[in-house]
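Single chain ahead, by itself, as structure tokens, in the form predicted alone.
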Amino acid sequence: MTHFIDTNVTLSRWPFRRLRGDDTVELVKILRHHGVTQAWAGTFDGVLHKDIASANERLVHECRQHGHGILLPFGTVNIMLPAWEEDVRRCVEEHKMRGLRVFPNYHGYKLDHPDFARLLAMCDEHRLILQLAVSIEDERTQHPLLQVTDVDAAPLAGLLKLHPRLRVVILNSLRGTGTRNLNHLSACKNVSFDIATREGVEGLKTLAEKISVDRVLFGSHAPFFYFESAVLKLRESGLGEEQLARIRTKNAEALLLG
């Protein structure tokens, strides 16, 4: 069986509709069925909940209780809430997390916010992988009372000049106008991109040619997207087996090793 490290799954419930796999037990069954050996898991609770500490605690509990050794928790930090630094501390010291996931558009800040620079410095200090979700849901299907535009990741390029060792993963960024993030960040060698929103004929092949296959990660955005759709992107990519192996597992393994 082909094996995968999925760098983009999310636990708990999306507030606007039920999803196939929004129960952790069900999601883990899907992942194991398709050969996933590790999945980097955030939590939908971190998107809109104000009690981030509790959201992260539930995430860790779900990963331990139902993850069967597959789920690797990535905690949420919201720099617009008081004492967000304490949430970073808990993620590092209490939960022993390997990375964080942030949602700047849902949390109401842009990447030129001074506290975002502080968060980058803390992630660099603690050797955390930082995952930045550019989007969660296509703007065309969003609830009319929660219209959220994609994150403009352009300022990140300048910020990362101060943190050349910091490992950053851009999630859900390669759909439509979101490709501008790729143009701004393609020169940043410590930035990787997941494939969840990459579309088009041989879309992965052109992506790998633009930024190097070593910076392309398998990410399904499950359960929001069907896991199978990410697998199909690999099958139709036109890439060779060694390149596919890098996307499926090797690049993620290298990021974890730091």
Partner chain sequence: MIWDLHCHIATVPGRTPDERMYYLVQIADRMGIDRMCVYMGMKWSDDPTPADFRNQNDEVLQALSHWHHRAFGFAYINPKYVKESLDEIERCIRDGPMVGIKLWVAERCNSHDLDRIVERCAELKAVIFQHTWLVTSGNRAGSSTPQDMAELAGRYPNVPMILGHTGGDWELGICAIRASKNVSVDLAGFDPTSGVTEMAYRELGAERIIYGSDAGGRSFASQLAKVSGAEIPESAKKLILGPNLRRMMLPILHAKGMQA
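Computed from a predicted model, the values in this text were never measured in an experiment. Numbering follows the first chain given and starts at 1.
There is also a form predicted together with its partner chain; it is not shown, and the following applies to it.
Enquirer: For the three residues H143, E199 and E202, verify that every one has a non-hydrogen atom within 4.5 Å of its partner chain in the model of the complex; reply yes or no.
Expert: Yes, the whole trio is in contact, each within 4.5 Å by some heavy atom.
Enquirer: Residue-level question: is P223 within 4.5 Å of its partner chain in the model of the complex, judged on heavy atoms?
Expert: Looking in the model of the complex, residue contacts with its partner chain include P223, since a heavy atom lies within 4.5 Å.
Enquirer: Given that its partner chain is not shown alongside this chain, does P15 nevertheless sit within 4.5 Å of it in the model of the complex, heavy atom to heavy atom?
Expert: No, no contact at 4.5 Å.
Enquirer: Check R58 for me: does it contact its partner chain in the model of the complex (non-hydrogen atoms, 4.5 angstroms)?
Expert: Looking in the model of the complex, residue contacts with its partner chain do not include R58, since no heavy atom lies within 4.5 Å.
Enquirer: With the cut-off set at 4.5 Å between non-hydrogen atoms, does L19 touch its partner chain in the model of the complex?
Expert: Within the cut-off, so yes.
Enquirer: Which among 226-234, 63-71, 186-194, 43-51 is in contact with its partner chain in the model of the complex, heavy atoms within 4.5 angstroms?
Expert: Going by heavy atoms within 4.5 Å, the stretch is 226-234.
Enquirer: Can you work out which of E86, D138, E125, E94 has a heavy atom no more than 4.5 Å from its partner chain in the model of the complex?
Expert: Here the answer is residue option D138.
Enquirer: Which one, H107, H163, R98, R175, lies within 4.5 Å of its partner chain in the model of the complex by heavy atoms?
Expert: Checked against the cut-off, the match is R175.
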